[in-house]
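Below, in structure tokens: the form predicted on its own, a single chain.
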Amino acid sequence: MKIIRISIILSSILLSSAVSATEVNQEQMLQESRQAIQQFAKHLKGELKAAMKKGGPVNAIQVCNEKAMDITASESQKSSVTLSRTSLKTRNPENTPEAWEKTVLQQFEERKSKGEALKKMEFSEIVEVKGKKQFRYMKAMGISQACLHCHGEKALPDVSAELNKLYPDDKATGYKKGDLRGAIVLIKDLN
């Protein structure tokens, strides 16, 4: 009887230790994810701001069209993760959300409608895909005043012409300041 009881207690202690270690590890991954996304967003925003200053919104569109994917790949490699951007209303078809991302984006919309601030909105979890575990993290992106030049309800004629030329199936317009634009996604393979 005592041996069984001791075995159960030891199993319980070991299980508690494993859960705590997983929680600590997940918290560390969350912190690293926040840093990687912050660095990525800073890099991309810096390029966009410089382009806007140099040649206005049409010039900024060129950054999104020609440099954004390279910046994404570069920042992914630096952080040893996979970064991407996605939205329920995509401009670039390569950013179309997969099922998991779409679900989280819809949850973000619900959370926003209940008053949660976009700046603090995030979601993470460990999922299994094809037998492999991944840590997945999404950080909401909102529409600022500067975003409205290319994503707002009314764009200037030259901006509209450039968007139509580069993105004939563009769905990423009609936003108002403070709307949910989409999210930055980070995926880290765990095994």
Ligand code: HEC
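These numbers were taken from a predicted model, which means no experiment stands behind them. Don't overthink the numbering: it's just position in the shown sequence, from 1.
The following text describes the form predicted in complex with heme C (HEC), which does not appear among the structures shown.
Contact with heme C (HEC) in the predicted bound form, defined as a heavy atom within 4.5 Å, holds for exactly one of Gln38, Asn164, Gln28, Ser144, namely Ser144.
Taking the partner from elsewhere, Cys64 is found to have a heavy atom lying within 4.5 Å of heme C (HEC) in the predicted bound form. Among residues of the shown chain, Cys150 is one whose heavy atoms approach heme C (HEC) to within 4.5 Å in the predicted bound form. Heme C (HEC) is not shown here, but in the predicted bound form it comes within 4.5 Å of a heavy atom of Lys89. Contact annotation: Ala155 falls outside 4.5 Å of heme C (HEC) in the predicted bound form, judged by heavy atom distances. Candidate site formed by Leu48, Ala60 and Ala172: every one of these residues places a non-hydrogen atom within 4.5 angstroms of heme C (HEC) in the predicted bound form.
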